[in-house]
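Given as structure tokens, the chain that follows is alone and in the form predicted alone.
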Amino acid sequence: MIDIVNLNKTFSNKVEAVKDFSLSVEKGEVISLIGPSGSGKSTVLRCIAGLETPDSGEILINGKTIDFANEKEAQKQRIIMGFVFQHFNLFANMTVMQNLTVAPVNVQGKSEEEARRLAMKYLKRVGLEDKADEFPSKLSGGQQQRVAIARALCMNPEIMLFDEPTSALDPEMIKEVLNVIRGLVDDGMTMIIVSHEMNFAREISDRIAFLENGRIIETGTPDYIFNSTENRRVKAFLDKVL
């Protein structure tokens, strides 16, 4: 479903964020990207979502290469992906309902009525149907992140990308967001998740990729990564964070 081939990305400050990165993700598969801060995990996600343009390499979705130079074609590819940011990125001047309906109406051409029905469906899914008319500032961090997930689902994505979805939350709010993601796993949603929640990654992932300096240095099942790897760098990282 997703094939990333020899991806490279260097920023203007000469930082090589992603180096010769390759990964394939099958339909319905859940892959977690783990590793130290600055290892390129979020940059990989942003390249997949079209928020960053790679310097070289290819990203294929359902066998079709994303043409980043052709904005119209790239947009067609991006529309099948839902992206959930660590800091929510909700529109502060819009209600929850408006946040959820603006893209289905303006990007997908849905009617206001249809978009609202869809929004309520996913607000119920994340347990926030009573917050439809609230503004984001009135919500807790956990509630805002659940709204952000509902907003992504309103676009009916084939793929969900999560960039450290709990890192900006207080500990007591993390569980409610992780439970929503667990529900998507149970539904068979294809997902790539960047997370520092190691136990959660071990629980929900089909495969885990460990990144350092923009490269995958180890990949395998959760059981292999957490219990069997002989890679010293991976073992040292896990010893520190578990």
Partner chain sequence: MSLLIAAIATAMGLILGTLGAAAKLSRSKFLNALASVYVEVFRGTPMIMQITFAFLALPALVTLILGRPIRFNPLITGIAAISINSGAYTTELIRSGINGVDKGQFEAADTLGLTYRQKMRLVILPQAFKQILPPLVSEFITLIKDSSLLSTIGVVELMKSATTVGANYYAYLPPLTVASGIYLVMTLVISAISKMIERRLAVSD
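Small disclaimer: the values here were computed from a predicted structure and weren't measured. Positions refer to the first chain, counted from 1.
The form predicted in complex with the partner chain is left out here; the points below concern that form.
Asks: Can you pick the one in Met155, Leu118, Met97, Ala168 that has a heavy atom within 4.5 Å of the partner chain in the predicted complex?
Replies: It is Met155.
Asks: Closest heavy atom of Ile31 to the partner chain in the predicted complex, within 4.5 Å or not?
Replies: Although the partner chain is absent here, Ile31 would stay clear of it in the predicted complex, with no heavy atoms inside 4.5 Å.
Asks: Using heavy atoms and a 4.5 Å limit, would one call Glu71 a contact residue for the partner chain in the predicted complex?
Replies: Looking in the predicted complex, residue contacts with the partner chain include Glu71, since a heavy atom lies within 4.5 Å.
Asks: Given that the partner chain is not shown alongside this chain, does Phe83 nevertheless sit within 4.5 Å of it in the predicted complex, heavy atom to heavy atom?
Replies: Yes - in the predicted complex, heavy atoms of Phe83 and the partner chain come within 4.5 Å of each other.
Asks: Though only this chain appears here, would Arg146 touch the partner chain in the predicted complex if you measure heavy atom gaps against 4.5 Å?
Replies: Arg146: no, not in contact with the partner chain in the predicted complex.
Asks: Counting only non-hydrogen atoms, choose the one of 190-198, 43-51, 176-184, 205-213 that falls within 4.5 Å of the partner chain in the predicted complex.
Replies: The contacting stretch is 43-51.
Asks: Using a 4.5 Å heavy atom cutoff, which residues in 204-242 contact the partner chain in the predicted complex? It's fine if the answer is none.
Replies: Residues within 4.5 Å: none in this stretch.
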